[in-house]
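The chain that follows stands alone, in the form predicted alone, written as C-alpha cells.
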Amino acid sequence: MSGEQAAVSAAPAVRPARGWRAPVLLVLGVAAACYLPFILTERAIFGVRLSNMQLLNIGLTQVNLMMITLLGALSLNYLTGIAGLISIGHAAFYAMGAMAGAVFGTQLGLPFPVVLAGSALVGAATGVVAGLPSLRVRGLYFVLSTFALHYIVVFMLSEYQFRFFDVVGIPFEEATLGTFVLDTPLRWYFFLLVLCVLVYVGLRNSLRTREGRAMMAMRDHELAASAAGIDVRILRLKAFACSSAIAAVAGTLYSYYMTNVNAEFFTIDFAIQFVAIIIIGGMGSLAGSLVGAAVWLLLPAVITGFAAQIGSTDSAFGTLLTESKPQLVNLIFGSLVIVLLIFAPGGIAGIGRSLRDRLSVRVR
C-alpha cells in the first residue's frame, strides 16, 4: 500500500472524533447554562452547600444584568468591530429603548412582546438618523456626532420623564408573555438566555452572508470595498439600524428588569462601558462580547466578596481594600484595558485564539 492510500484510509478514523466533539460540548454547555441559575438560587451544587466565596459572591440578578449588558455589547461590537464604525453614543440607544418602552408599555399598556418589537423599530430609526453623518464625515468628526446624539437623546428622555412622570423616574409594570409573568430572577434568566442566544446566532450567521462579508470588507478597506461595487453608504446605515435596534431592546429590558428607570442612569460613563467591554472581550469577536460583559459585570462582585473576606481579618490591607473598593475596581478595569490595548489588541478572545492555534500546532 502506498503512502497516499494509507493516509486516505486513515482519514475516516480521525473525522468522527472531531465530529463528536462539537455536539458533546454543545450539550454540556446547554446543561451547564440550564443548571447555573439553580446553583445561584439554592447556593448549592448537587445538594452540596456552597459558601458565598465559593460562588464568587455572584447572584442570579447580577447574571441577568450581565446578559442584558451582553446584548448592548453584541450590538456595539457588530457596529464597531464588524462594520468599523466607532460610536460612543450607545447609551443613547439604551435611553431611546427605555423611552419607547415607557410609551408603549407604561402609557399605552401594550403587551410586552409588542413593546419589544416597537422598541426595536424606534431604535432602528434612531440608528439610521445617527448614521447619517457617516455619509459625509469620518474619524473624529463622526465620533463627535455620536457624542452629540447621546446628549440629545438623554435630554429628550429627561424632558419626557418630567413631563409625564416625576423626578423619581419612570415606573414599569411586570413583563408578561401571555400568561407567563417574568416576576422572578429565575424566569428572567431563562427568557434572557434564549434571547441572547437568538441574537448571537443571528448576528453570527449574518456575517456568513454576502452582506456580512461586504461589511467586513468595508471595515478593512473602504476604498477597495467601494471599488468592488459595494454601496458602503447603505451598508453603514444598515449596520447602525441593526445595532441600535438590538441596543434599544436591551434598554427596554433593562427598564423592565429594574422596574424603574431615570434619565440620569444613561450617563456618558454608561456609554463608555460598552467600548471598554468590547476592548476587553475582543474587538470584532461576538464571543468576546460575552467574555467582556462577564468580566465587566461580575468582577466587581468578586472583588466585593474578596474585600469582605479580607476585611473581616482586621488587617490593614483588608481595611484599605474595603474602604477603597470602588477605586480598586476602576484601577483594575483601567489597567486591564491599557494592557490589552498594548499587548493583546484582540482582547481576551484574541488571546484564546492564539492559545488554541498553538495547541493545535503541537497536537499535529
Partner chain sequence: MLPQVLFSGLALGSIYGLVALGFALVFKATDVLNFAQGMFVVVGAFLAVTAGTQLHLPFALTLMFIVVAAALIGAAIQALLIRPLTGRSMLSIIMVTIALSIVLRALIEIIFGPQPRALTTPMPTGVFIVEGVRISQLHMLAAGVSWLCLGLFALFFRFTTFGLQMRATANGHEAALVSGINVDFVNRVAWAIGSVLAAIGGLFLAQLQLASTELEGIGLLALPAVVIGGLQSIPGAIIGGLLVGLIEQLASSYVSPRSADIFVYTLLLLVLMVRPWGLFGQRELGRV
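This structure is a prediction, so every number in the text was calculated from the model and none was measured. Numbering follows the first chain given and starts at 1.
Note that the form predicted together with the partner chain isn't included here; everything after this is about it.
Residue heavy atoms within 4.5 Å of the partner chain in the model of the complex occur in exactly one stretch of 238 to 246, 116 to 124, 144 to 152, 95 to 103, and that stretch is 144 to 152.
Val137 is the sole member of Leu198, Leu177, Val137, Val128 with a non-hydrogen atom lying within 4.5 angstroms of the partner chain in the model of the complex. Note on contacts: among Leu193, Ile88, Leu110, Ala225, the single residue with a heavy atom within 4.5 Å of the partner chain in the model of the complex is Ile88.
Though the partner is left out of this view, Leu331 does reach within 4.5 Å of the partner chain in the model of the complex, counting heavy atoms only. With a 4.5 Å cutoff on heavy atoms, Pro133 counts as touching the partner chain in the model of the complex. In the model of the complex, the partner chain sits beyond 4.5 Å of every heavy atom of Phe164. Not displayed here, the partner chain is approached by Ile272 to within 4.5 Å at the level of heavy atoms in the model of the complex.
Residues of 260 to 289 lying near the partner chain in the model of the complex, listed in sequence order, are Ile272, Val275, Ala276, Ile279, Met283, the criterion being any heavy atom within 4.5 Å.
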